[in-house]
Structure formats: C-alpha cells, structure tokens
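As a starting point, one isolated chain is supplied in structure tokens, in the form predicted alone.
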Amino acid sequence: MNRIIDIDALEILDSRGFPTVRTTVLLDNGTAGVAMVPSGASTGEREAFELRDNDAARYLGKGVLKAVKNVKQKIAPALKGLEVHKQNYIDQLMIELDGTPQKKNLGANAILSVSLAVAHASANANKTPLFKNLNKDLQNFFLPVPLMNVINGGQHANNNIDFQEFMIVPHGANCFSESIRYGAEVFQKLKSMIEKMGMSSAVGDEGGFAPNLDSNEHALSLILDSIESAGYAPGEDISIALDVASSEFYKDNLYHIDSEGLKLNSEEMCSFLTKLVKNYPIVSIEDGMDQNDWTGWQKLTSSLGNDTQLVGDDLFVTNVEFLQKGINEKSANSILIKVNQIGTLSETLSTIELANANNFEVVVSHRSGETEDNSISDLACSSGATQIKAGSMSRSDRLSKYNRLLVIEHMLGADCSFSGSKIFKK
C-alpha cells in the first residue's frame, strides 16, 4: 500500500552557509523520498513562518534544530501508517497539527520538508519522475522560459543599485536548451564587460554579478550591451525582467530610490517604471509596488498591465487569499510561486490552479538560500508554469534547477514544448 513507516530529518546547510532542514520519508516497500527546503533573504511580511532556534551559541541563532525536532517528534508520529499518495490529506493533517495561519508552531520549514519528501516518495513508489507523478493527466508538457538573474542590487548586493534583480529573459529561443545557451553566452559577455570596467566579477547569493554601478539605468544599459555583444537582438531574442523589490525601500509612504536621489509617491513610482518600460525591452516587473500599497498596484496595473507582465511576490506570498484579492482588485497580472512562502505542496498547487484559472502568468521561483534540491523544476513543468526564476548561470545550487529541466526536456523529447515569446505581452 506504500505506507509511511518512518520520517527522519536533520539540520544541513543552504547555499549561504545557513542551516536548513532535510527530511526523508521512508515507505514500507523500502522506497524513500528526500527533500531539502530553501530559505529567503528578502521576505514578504505575510509569508509562512520559518522556525529558527534563536540560540546565539549556534549558527548565529539561525539553527533549525527545533524544526528538525518537530518533524521527528510531532509530525512523524501523526503520519506513520498513512498511504503516501494522499498528498492533500497529509498536507492538511500537518496544517491542522500546527493550528496557526502562518505555521508558527511547527514551522513552515519543518512542514514543507515533509510535504516535498512525501511527493518524492510517492513518485519513487510509482517509479515515475516527479513532474509526471504531479500531473498524471498531462500528455504534452511545457518547459518554462528561464528568468536569469545576472545583476544584483538591493538586499542581494552591497552596491549602489536600488532594484534587487536585473534578469535576462531568453524567450526567442525555439526550445529550453537553446534558451539556456542564449543566457549562458550573455552571462559570459557581461562578465567580460564588468571586468573591462575594472570592477569585480564575483557573484552573489543567486549567482549574479554585483558591480557598483551609478544607477538602475546603468545596469539596464550594461545588460543591453552584453546581449548585443553575444550576437542577440534585445527585445526579439532576449528581453529584460526586473525584480524591483520595492518593499525594501518603501518608507513613510514614499519610494526611496537613493541611487537617483528620488523620493516618489505611488503615482510617481508608477510613472518612473512606465518610463523604464518605454525606454528598454522590459517584459516583466516583479514587486514594482510595496506589498501593502494596493492602490499603487492598481495604478501600475492600469498603466502597464496590457503590455507588461506585473508579478506579485511579496504581494501574494503564494497564498490563494491574497491572490484572490489581487484578482478582484485588478492588482498585478502574474504571480511568483515560492513553495516555502506557503509551506505545503498542495497549497502551492491550489494557488497555481487559481492563477491559471484567471489567466495570471505563473513564475516558479527559487530563494536566495538554496540547496541541490531541484523540486521546483519538476513543479514548473508539471503545473503549466510559463516561467522559472532559478538564478543566474553560476553556482551549482542554481544550475541544478536548470540542469534538471534539461534532463526533463531530454526525457520528453517531442512530448514537450517551450513556452517562448508568445507568453509575453510585448
């Protein structure tokens, strides 16, 4: 019956050297599933709760032994004997066992580690790849367009750039593997340009560069130059996506863009972003407004929504309640999906389902603290997500996601398609 006989967990390290949770779900037929959970640096205030030990004597207070203990002593006894294929039932049981809206008792990191490990155990018991096991009815799978973070600013870098991520979007390729090649070539050209400017080409947490540029527009211009230098046409082969992460510089009801000496209200911020879209081949803007500035989001969507993908991350935190509010209020037209923002696989899939039903584009995303776990690649392929945001073309914790999609593309052959340029409004 493929029943759960044991669940084990331990404290491991993520890509930043901070602790995270690794969980193994063991079945009565000897099959097992393993999952490791990510952790964010720039987090929305409504995200599910990441349980840390707060013991200053260990890992600067960031240990996760409490979460590990909750997996072994509270979650495991409740799930032993259950059939592993009942994902929704198992996830709901853990939600009820925790009993709080943001999973503050057990910790979303504890719950998610079990939820994902259950999914892997189910797939392994069925001798089926995870992406197929998550969507048994789908015949023709779509591989997502990668959004590759090549220049970092904001909370992800110690430089003068306000915006958190500048991404290249190789949507003009005819297949996923070609889009990866496009991105890798531009990444190498960008590295050479940064070095010729006499700046460091060291990379940050997500594999992108963090040069000390003068302004946000300087970063955009540099990316355009690197696209052209690699032999591609900006806007046709490769476009640009931004993660503004505006909640990080929203203070006293104003957006403080320090690199340009600006303090903007919501309407002025909307105009500022609209001007950037007009002047550069920008197809996607993530978190262009603060997570609580719903009026600003409505203005931005009204101004740019017909031509530009507007992605809610901190705004929606992979939660059906906040996504439904955005749908009702016409705030954003796309959603970023992060499994650890909500804490279970089944809740993640429900959010994706709601987004798909309302013609919201879905972007499955990594976090700044990652591991070699590449579950999000299978999730993106199985759920109809049109894009994946997994970092830059460096660091093995990022490339493991892209490499997994390359393997999936190889496995599927003619039974998969590439999302490509058609998904973008421009």
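Being a predicted model, the structure only gives us computed values, none of them experimental. In case it trips you up, residue 1 is the first one in the sequence shown, and so on.
The protein also exists as the form predicted in complex with ligand PGA; that form is not presented, and the subsequent description refers to it.
*Asks:* Okay, which stretch from 55-63, 376-384, 356-364, 37-45 lines ligand PGA in the predicted bound form, with non-hydrogen atoms inside 4.5 Å?
*Replies:* Answer to the contact question: 37-45.
*Asks:* Within 4.5 Å, heavy atoms only, which of Lys103, His120, His171, Lys338 is in contact with ligand PGA in the predicted bound form?
*Replies:* When ligand PGA is considered in the predicted bound form, the option within 4.5 Å is Lys338.
*Asks:* So in the predicted bound form, does any heavy atom of Ser284 sit within 4.5 Å of ligand PGA?
*Replies:* It does not: once ligand PGA is placed as it appears in the predicted bound form, Ser284 has no heavy atom within 4.5 Å of it.
*Asks:* Counting only non-hydrogen atoms and a 4.5 angstroms cut-off, does Gln164 reach ligand PGA in the predicted bound form?
*Replies:* So Gln164 counts as contacting ligand PGA.
*Asks:* Is Asn70 one of the residues lying within 4.5 Å of ligand PGA in the predicted bound form, judged by heavy atom distances?
*Replies:* Asn70 lies outside the contact set for ligand PGA.
*Asks:* Using the arrangement in the predicted bound form, list in sequence order the residues of 363-390 with any heavy atom within 4.5 angstroms of ligand PGA.
*Replies:* Residues within 4.5 Å: Arg367, Ser368, Lys389.
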